[in-house]
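One chain follows as structure tokens, the form predicted alone.
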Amino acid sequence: MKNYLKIFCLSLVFISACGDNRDSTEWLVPQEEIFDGGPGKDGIPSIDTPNFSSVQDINFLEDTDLVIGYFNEGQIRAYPHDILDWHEIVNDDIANKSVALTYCPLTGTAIGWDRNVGNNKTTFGVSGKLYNSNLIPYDRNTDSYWSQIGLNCINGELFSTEIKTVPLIETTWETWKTAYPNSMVLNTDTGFSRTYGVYPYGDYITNHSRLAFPVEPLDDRIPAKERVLGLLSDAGNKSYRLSSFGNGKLVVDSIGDETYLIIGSQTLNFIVAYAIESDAEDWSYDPTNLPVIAKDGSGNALTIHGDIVDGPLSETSLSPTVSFMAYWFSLGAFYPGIDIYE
């Protein structure tokens, strides 16, 4: 088994600039700013045949461990960080949707991708390359390279194609199993031998001065590894600090002409964002019956995944957004000058 911690530490010297060997191919980002992460292409293997267990059968997670949740057509699945740290991509089929759950442990970003790109269904793998310390997946149909946080193809046949995202939720195992006790959870039967539960990058999460690779620009308005929600829209981008949500609160915010409902709790460890009409009913934060997290004066009850389950709007949903949790430095690098909600 490869020792990824040693590879990670060696990479800190920053001497392995990328050589793609496709000189005639255009890159959407500066090629000299792409770095080889160490393990090489597919050296970090994606999970292409994921196996799941019930919440009750999961025994390798601590309550404070983070998981990523996905919802589609009544199916609910969770993907633990403990596994994603070692694989970074899970290619999955859930009801009528083919999804790549992409995760970069160096930027703390989990983003769901629709696997239908370029008019064809594909799977994604880990290229071994990084841009601004962020995962560069490649698609196995065309061997094109993609930017995870940039959400587009940066090299290859599908050059500049934008990725379509699917909404995910990041929270702790304790919150997840309370909210969704009947969900299915990615288990450690991955087909690979890894020390799941052992974080491979030492003190990286807590050491704000430690970055694995060069990052440009480096925005120091917030500590580098602070977890924030990035909300992206055509009218602009904004970030929301998990630390500012305390025991839980709800805010209505605007970007350009669009209005958003942002709900979060540092205690329960989540932030979600939904698009709403400007004249929407007033909502108040209420997590007493998870997965419900908010209620309004008309009796509507909103779940963390955006469904309204009681009241006159029952069986409807709020509109998802392009948003994801991230370490602050990564949003500052990919979206320079991004607004910070105060």
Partner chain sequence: MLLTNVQLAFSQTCCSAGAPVNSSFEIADTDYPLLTIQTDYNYKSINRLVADQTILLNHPRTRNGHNALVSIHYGSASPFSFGLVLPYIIQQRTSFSEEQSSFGFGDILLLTQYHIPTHWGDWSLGVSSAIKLPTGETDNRDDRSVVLSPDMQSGTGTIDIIGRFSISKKHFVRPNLNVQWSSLYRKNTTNQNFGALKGSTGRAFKFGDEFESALQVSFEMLAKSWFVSPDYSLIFRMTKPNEEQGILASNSGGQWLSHALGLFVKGNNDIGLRAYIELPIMQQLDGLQITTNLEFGLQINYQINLTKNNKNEKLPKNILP
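Note that the structure is a prediction, hence the values are computed from the model and not measured. Numbering follows the first chain given and starts at 1.
The same protein also exists as the form predicted in complex with its partner chain; that form is not shown, yet it is the one meant from here on.
A.B. asks: Of these, Phe71, Phe270, Tyr180, Trp86, which has a heavy atom no more than 4.5 Å from its partner chain in the predicted complex?
C.D. replies: Checking each option against its partner chain in the predicted complex, the one that comes within 4.5 Å is Trp86.
A.B. asks: Note which of Lys164, Lys249, Arg140, Arg221 lies within 4.5 Å of its partner chain in the predicted complex, where distance is taken over heavy atoms; exactly one does.
C.D. replies: By the 4.5 Å heavy-atom cutoff, the listed residue in contact is Arg140.
A.B. asks: Indicate whether Arg194 is a 4.5 Å heavy atom neighbour of its partner chain in the predicted complex.
C.D. replies: Yes, contact at 4.5 Å.
A.B. asks: I'd like to know if Ile34 sits close to its partner chain in the predicted complex, meaning any non-hydrogen atom pair within 4.5 angstroms.
C.D. replies: Close contact exists here: in the predicted complex, Ile34 approaches its partner chain to within 4.5 Å, heavy atoms only.
A.B. asks: Residue-level question: is Ala100 within 4.5 Å of its partner chain in the predicted complex, judged on heavy atoms?
C.D. replies: Ala100 lies outside the contact set for its partner chain.
A.B. asks: Heavy atom to heavy atom, is Val228 within 4.5 Å of its partner chain in the predicted complex?
C.D. replies: No, Val228 sits far enough from its partner chain in the predicted complex that none of its heavy atoms falls within 4.5 Å.
A.B. asks: Looking at 36-44, 283-291, 304-312, 61-69, which one sits within 4.5 Å of its partner chain in the predicted complex if you count heavy atoms only?
C.D. replies: Residues of 36-44 come within 4.5 Å of the partner.
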